[in-house]
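Okay, so we've got a single protein chain in two different forms coming up as structure tokens, structure 1 first and structure 2 after it.
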Structure 1
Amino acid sequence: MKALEVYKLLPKTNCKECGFPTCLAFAMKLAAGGAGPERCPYLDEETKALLGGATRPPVRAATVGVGARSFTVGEEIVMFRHEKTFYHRPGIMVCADDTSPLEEVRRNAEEVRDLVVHRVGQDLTLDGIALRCESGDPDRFAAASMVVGECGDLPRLLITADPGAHAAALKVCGQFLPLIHAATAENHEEMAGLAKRYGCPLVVRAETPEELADLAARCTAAGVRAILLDPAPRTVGDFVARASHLREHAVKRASPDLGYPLYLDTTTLGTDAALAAGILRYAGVIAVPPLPRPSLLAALTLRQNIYTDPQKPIQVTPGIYPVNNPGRDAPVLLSVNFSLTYFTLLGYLEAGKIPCYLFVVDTAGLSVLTAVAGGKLDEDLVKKSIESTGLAGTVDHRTLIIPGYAAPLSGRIEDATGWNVRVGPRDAAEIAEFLEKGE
């Protein structure tokens, strides 16, 4: 609903009891999803329900785990990221089963916990352990879950169709809010009861949208607070088709009972292709088998790219960055604060082992070529950056090397700053050779 449509349903008293100065301001916040209708004390329950359904994100949120490693999925509002960014990246949870020795389960959990990949200024990590009850023994399942819990606040996904096994595991880890899989037509009453008792998010599993909507409605009516949908795909293509259909229904609010994050288990679909499909096509939680490191790195990189706001490029902080222990006579290289540019250039400089300073200016995260073309990188910005960073006090010389794509600015930068300007290569891969030759 638009703000004016919301406003028509409000009391229009401007009482300020909601925390906003006017009812119109409150309506604008409601329409943007920044507040809930319960903040107005004068709305009846019917109106609150209407506004709650119309102003909340079409895909509702679900949080898995507690503590620093917990993650939230859902709260998405669009089909495509060029319309508006995707907000909550999917949680990638690595599978283990309770038939393995407990020390092996512990080792796998520690590997998942400790994997950190640093890329363009961000730490990329896996999100948790998906524990399967393959033994059929509730006590064994509970013991394995406890071992995972001993590895820190790593979120858990408990996978079994047996409510009794879930009950045993939840006795030892329910307070850590694991995701439990899955409620079906046969067991949804018992599973919903467990999810409600422990406050855990619950996956409901069915093959058709109608069955999923029915199960989701039954479980929410039973008191489950957070739900994910498992469309039970048989192939990767099947998942893409079903996920797209469910997302479309959610975004258009055609069926409120389908407005939940999606779950995908890739273990039976073919690992890499299914994992990529899940990241690209709306999966909120993805269970994967243990994968080789290259596959994990590719998946983490893909997820980072898809869940980066296309309107807000990843940026580094402007400033002076010493590389390879430079002295006061080391060359100074002008660069921009677009993270990919910065880290690519930094990699080549570190590999070349040439002492220098990276002088990073604020172009709002734009690349060199885009910043020059759009007027974000000009002589005034360079002059102000030299003054604000104290660059003149860092080195004894007054020579600035600018990127090849900024060559049209060389004369203007010299006139504005009084520094001698040299034009470097366009390709960062050539920077080490350029500095060695002193061209």
Structure 2
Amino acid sequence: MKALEVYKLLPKTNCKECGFPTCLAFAMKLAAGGAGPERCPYLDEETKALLGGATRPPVRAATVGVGARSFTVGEEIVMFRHEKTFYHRPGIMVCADDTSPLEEVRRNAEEVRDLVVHRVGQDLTLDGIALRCESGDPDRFAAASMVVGECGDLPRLLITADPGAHAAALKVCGQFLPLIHAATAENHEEMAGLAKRYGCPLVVRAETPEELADLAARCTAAGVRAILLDPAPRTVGDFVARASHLREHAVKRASPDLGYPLYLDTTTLGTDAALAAGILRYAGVIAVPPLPRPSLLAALTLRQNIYTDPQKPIQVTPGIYPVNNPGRDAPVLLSVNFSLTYFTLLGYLEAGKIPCYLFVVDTAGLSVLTAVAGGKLDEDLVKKSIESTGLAGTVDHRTLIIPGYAAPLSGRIEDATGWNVRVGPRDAAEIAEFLEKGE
């Protein structure tokens, strides 16, 4: 709903009781999905329901866990990332069985907690532990969930169809808001009761959209605050088809009871394919078996790729970056502010142990070759950047080393800036050798 349409439904008295200076300001906030209609005390129930349905995000949010490692999924508004962007990357939670020795559960949890992949200035991490009740023993399940809790505030996912086992585990870790899997046609009353009592997010699981919607409606009516949908896929194709169906209904606001983030367990589906499919097509929480490092690396990179804003590549701040403690006679290397370029370059320079300055200009996050091809990197930009960063005051010499791919610009940069230009190699791997020879 547009802000003006929302405005028409408000009392227009500008009484400020909602906390906004005018009814119009409140309408704008509502339309953007940033506030709920209940803030205005003068709306009747019907208007509130109408506004609530039309202004909440098509996929509602759900937060799993507490503290620094907690994560939120949902609040997505489009089918394809090129239409806008995907906001909340799916949480990847690694499975452990409660029948494993507790020491092993602990070790797994610690590994998950400590895994970090550094890529282009971001730290890619896993999101939590999925504890599966294989023992059938509530006490064992509770003990294992305790052990996970001792490894720091890693979000937990508790998997069993037995409400009794959940009750035992939640008694020891409910305050950490684990995700509960799953409410089904058989057990939803008890599951919803537990989720409500502890304020935990709850997965509902069923084979058809009608049953999912029905379960979601019943659980929310029972007071559960955050819901995820598990469409119970038997193959990767099932998941992709069902997830796409659900996202489409959510985005079109066709059925409010399907507007929830999705849950995917890859364990029985062929993990890498399912994991990739879940990242690409709409999963909010993905449970995976412990993954070998190559799979992890590829999956986390895919997730990073898909969840970057398509309008805005990952960038670094333009400016002068000293590398390896450079002096005033150290070489100056011109480059661009695309994160991938910066960190690739930095890696080689640090490994080569050569003191220098990285002089990063603002190409709006385009790589060297792309910026040159698209006319975004030119002599004017270099000139302005030299002036605005005060490069001349940082070093005593007046020589710029430019990337090999920017070679066609060398003459023009010299003319425009008065600095000498040396053309470096194209491949960052060759820079160290180039610099050593150049001295």
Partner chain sequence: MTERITEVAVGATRTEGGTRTRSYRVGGASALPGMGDAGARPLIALEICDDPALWPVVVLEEVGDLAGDLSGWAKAAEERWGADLVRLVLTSTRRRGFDDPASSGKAVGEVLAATGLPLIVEGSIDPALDTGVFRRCGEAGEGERLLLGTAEAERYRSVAAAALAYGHAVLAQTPIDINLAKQLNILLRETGVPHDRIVIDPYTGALGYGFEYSYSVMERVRTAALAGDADLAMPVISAAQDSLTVREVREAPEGERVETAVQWEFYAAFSAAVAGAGIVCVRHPGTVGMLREAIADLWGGEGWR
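Throughout, rigid core stands for the largest set of C-alpha atoms superposing within 1.5 Å between the two forms. Keep in mind it's a predicted model, so treat the numbers as computed, not measured. Sequence positions of structure 1, starting at 1, serve as the residue numbers.
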**Study point:** Form predicted on its own - which displayed structure it is
**Key:** 1
Check your understanding: When you overlay the rigid core, is the Cα of G347 off by 2 Å or more between structure 1 and structure 2?
Key -> yes
Exercise for review: Take the rigid core as the frame of reference and indicate whether the C-alpha of A373 shifts by 2 Å or more between structure 1 and structure 2.
Suggested key: yes
Check your understanding: Expressed in °, what is the rotation of the smaller rigid part against the larger between structure 1 and structure 2?
Key -> 17
Check your understanding: After superposition on the rigid core, what is the displacement of the C-alpha atom of E433 between structure 1 and structure 2, in Å?
Key -> 5.0
Practice item. For N14, give the CA shift between structure 1 and structure 2 in Å, the superposition being done on the rigid core. Key: 2.5
